[in-house]
Structures are given as C-alpha cells and as structure tokens.
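Shown next are two forms of a single protein chain, provided one at a time as structure tokens under the names structure 1 and structure 2.
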Structure 1
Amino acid sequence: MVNAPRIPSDVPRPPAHVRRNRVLMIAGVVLLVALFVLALVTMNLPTWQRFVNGMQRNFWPLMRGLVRPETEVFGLAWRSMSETFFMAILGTALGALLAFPISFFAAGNLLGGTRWALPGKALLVAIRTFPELVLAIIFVAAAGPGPTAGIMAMGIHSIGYLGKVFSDVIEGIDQGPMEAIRAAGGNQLHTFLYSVVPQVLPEFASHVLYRFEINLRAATVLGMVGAGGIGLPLIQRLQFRRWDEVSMLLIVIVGFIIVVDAVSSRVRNRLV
C-alpha cells in the first residue's frame, strides 16, 4: 500500500475519561470475581468427591430412566398433572378476580394523583415479595393439605404481579374516551364501564394468560409441601430415588408445560 506503516510509539493515548472507565470496568470485574471466590470458600460446599459420587450413583440411573421411563405410572402422572393444570386455572382466576379491584386503587390517574395510589402500590409490592411456597405452607398448616391450599397460595401471590401490571395498563390508557363519556353527561361509573374497561380488557387478558403460564410451573411444585398437584407424587419418588418413575413424571410435566406455553403464547399474540 501507499502508506508506510507508522512507528507504533506515536499511537494517540485514549483520553482520561476513557482510561478511567476502563479502570473502573476492570475493578468491577475483579470485585465480582473476588466475591465469587469468597462465596465459594465460605459457603462450605461439599468436596468435589461427593459431587462426583452423587453424580455417579444417581445421574446415570436418572439418564437411563429418561430413556426408558416407567410407563406404569403414566396414568398417575397424567391425572396429577391435569389436577395441577386445573389448580393453576383456579389459582390464576382467583388472583385475577382479587387483583382487578385492587389495581384501580394502585392506578394514579384514576385516583387523581400518584400519591393516592401509594398505599395500593405498597400493598402489591408486599404481596409480591412474600414467597408463594411459604404462603402454601401456611395454608397447609392452617387448613390442611390438598389442592385448595395451593390454589389459595397461588391466588394470593398472583395478586401482587397482576395488580401491578393491571394498574400499569390503567395508567397508560387513553384519556380521550373518558373525557368523551364525561362530556356526554356520564357519571364516574359510566366512564369506568364504557371507557376504562373496554380499553384495558384485552391487555388484562393477555397478562392473566402470562401469569397462568407462570402459575402452571408453580403448581407443579406446590405439591412438594402438600398443597396439591403432581409435586407430591414426584417428591415421594425422588426421596426413594425411583428414577424410572421420576422420569415418567418429569416427561409428562415438561411436555405438558411446553404444549400449554405454546398455545397460551399464541393466544396472547392474537390478543394484543
């Protein structure tokens, strides 16, 4: 080429802020790695040997089970999974039903100012933060084991998420139609029924469906604490390391969830 290569020593130095960012970046990575190493040594993980032993003893039997699952438990797996499915439906419905009224008290634009919505928003955060499984344990302890405990745990916990997204949707609605109803002499209730509800319903439905996908996953494990569904037969077989039966249950769970997800996300895409 025409250009003679230059002497590398006169490459311009990056300006100070670029160098500073580079140093900060490296410092950040070093900190992350240091914390990682610190965590590894202080959390008293078992020895590598135990890890290898566990894998040797149980991993291959599990893999063998996945290739050749115990078909005799298919009936049980299918029944428990459909119970799980229906638990998720009822839990989601309960959550949506309860979240619907609450969400209006967490939407600033309907209450005439963000600060009036703060208590409602705080309540929703509190509900979201409370782990669902702990709720389930409390329900089981209070009202006995079974699907009802799981449905109620899911229902309560879902309020947190659904209430939040519902109120976000409400805060984002178009004010025009509301004014139009008011201008036509409608009262608060008319405004609500004829302009707020129709605007928010499709999006609400889409969020409810999404929550249903999450709840279906949650419902598969609630049984591990006695709150109904496929979790109970699964954890029993896990405790006795019946890998061939565990595999059958796993296959049904994964297959079921994948199919429901596919259907649900297709419906959601058509809703919005």
Structure 2
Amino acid sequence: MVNAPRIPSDVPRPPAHVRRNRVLMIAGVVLLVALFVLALVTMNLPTWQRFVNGMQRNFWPLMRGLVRPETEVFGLAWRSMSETFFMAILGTALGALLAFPISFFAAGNLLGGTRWALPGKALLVAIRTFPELVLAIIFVAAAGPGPTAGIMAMGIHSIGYLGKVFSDVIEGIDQGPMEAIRAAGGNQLHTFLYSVVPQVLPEFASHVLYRFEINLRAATVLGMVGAGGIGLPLIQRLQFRRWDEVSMLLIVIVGFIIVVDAVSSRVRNRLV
C-alpha cells in the first residue's frame, strides 16, 4: 500500500490587530505585576507577627460577639439603620432628580456632536471627583452633625454617578424612532417625549435602584464623620472595643442590606 504524500498545512499568521492586542495584553500584565511588586517593596506594611497579634486582640473577640451579640442595643441599631435607610432614599432621590436634566446636556447624540456635550460631561466629572466622605465632612462643617449632611453628600455624589450612566444610556438609544418622528413632522419636543424618554426610562430606573444600594452602604460609613445614620454608634463602640455591641450593629447592617439588595435586584430584573 502506497502512502499518500503529506501535504504541508501552514497555519496562517493572526491578523496584525490580533497580534498587536496580544502584545498590549502581555505588556499590561507585566506592568501590573511590576506595579504590584513595587507597591509591596515601597509601602510600609506591618510585619506578619504584628498582623497575627492584631487579629488575636480584635478579630476573635468580634467573632465571639457575633455568636453572642448584645441584644440590648438592638433597638438603637434598628432606629439608626432606619435613619440610614431614609437617608439613602432621600440622597438617591436628590441625585436622580438633578442628574436627569444634566444627563441630556452630556449626551452628544442629542446635542449634535460630542464637542457640544463636553461642558456637561466636564461638570459630571468634576462632581464625581469628590468622594462622598469628603463631601460629608464639608456638609457637617457647614450644616452641623446630623442626617442632613449625609443626605447632601450622597445626593451631590449621586449626581455625578447617575448623570454619567444616564448620558451613556441616552447615547446608546436606537435612532430609528427619532428619525421616524422627525419624518412624520414631529418637532424636537415630540422627539424627546415620544422617542428618547420611553427608551431610557427603564434603564434610568434600574440605575437609580442600583445607586440606592450603593448609597445605603455609603450611609453607614458617613455616620462615622457625624453625617447621621448607624455609623456614629458603630464608631463609638469600636473605639471602646465593645465587641458584643459592635456585633449586634453589624448583624442589623448586614441583614438590612441583604434584604434591600434582594428586593432591589428583583425589581431591576423586571425593569430591564
């Protein structure tokens, strides 16, 4: 039996853009590893023994407190977490109401080009530059300790976040309904009301709910600088190492957030 001659099969080289992307990916990984090693070398990290001693002093007492929390502070924890919940609602509502009109001035497809949307985009970037904690400190100094400072901090920061995602949603809408309304003789107001708004509202609502989840977590931290909510009683008990009371507060926080996340996720899945 005569063997058939073997035909060489040359595998074609990947396209130039594929090879370029592969090189960039490898270079990016090498850069990240180098930065990680540089950070480990230059940062003043604690020794392993110090870390172990700190865990023995604080972590295990906290774990014991989670098993046997101080139930007497449950009422305080519930009231403080309820205040945190309402702070997150008001802060999210404030941010959403102000971000809604600003986002249309940051959407290039509605203004005739990206350059016309630059002022709106720059405003949103400037707002997002300030962390919520810094805003909370500023408002505490201006309005005094209490939930008002926390609501204002979450509201202002939510404008930057929601305005950015709202404008991205607007720039991704289908242009077909807009062109159909213009072809039928509709003006800009008709195009906005009957084409743009119906397309963006479901995603807007989904992002608002997601931002509410973020604000609920942030509100627990803002209280530590006097901006209301459960953060204040939490930091007070952390300072005095009252781990059984800290555990009760943490249990309420985690339970509250789990329930809110579950409800919010189901609502967002129905909207989008």
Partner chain sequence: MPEASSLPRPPAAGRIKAALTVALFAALFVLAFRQTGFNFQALFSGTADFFRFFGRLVPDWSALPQIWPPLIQTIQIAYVATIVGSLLAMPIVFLASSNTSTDPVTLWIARTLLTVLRSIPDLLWAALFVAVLGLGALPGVVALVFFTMGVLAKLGSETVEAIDPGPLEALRAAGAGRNRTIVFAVVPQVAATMVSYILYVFEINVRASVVIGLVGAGGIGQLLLRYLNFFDYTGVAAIIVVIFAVVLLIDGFSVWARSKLI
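By convention here, residues take numbers in order along the sequence of structure 1, the first being 1. Take the two forms, superpose them, and find the largest set of C-alpha atoms that agree within 1.5 Å; that set is the rigid core. Since this is a predicted model, take the numbers as computed values, not measurements.
K.L.:
Which structure would you label as the form predicted on its own, 1 or 2?
P.N.:
It is the second structure (the form predicted on its own) rather than the first.
K.L.:
Taking the rigid core as the reference frame, is the Cα of residue 68 displaced by 2 Å or more between structure 1 and structure 2?
P.N.:
No.
K.L.:
Spell out whether the Cα of residue 263 moves at least 2 Å between structure 1 and structure 2 when the two forms are superposed on their rigid core.
P.N.:
For residue 263, whose C-alpha is compared between structure 1 and structure 2 after core superposition, the shift is less than 2 Å.
K.L.:
After fitting the rigid core, is the C-alpha of residue 239 off by 2 Å or more between structure 1 and structure 2?
P.N.:
It does not, since the residue 239 C-alpha is displaced less than 2 Å between structure 1 and structure 2 after the core fit.
K.L.:
Please state the CA displacement of residue 17 between structure 1 and structure 2 in angstrom, with both forms fitted on the core.
P.N.:
C-alpha displacement of residue 17 between structure 1 and structure 2: 14.1 Å.
K.L.:
Superposing on the core, what C-alpha displacement does residue 33 show between structure 1 and structure 2, in angstrom?
P.N.:
Residue 33 C-alpha displacement between structure 1 and structure 2, core-aligned: 5.8 Å.
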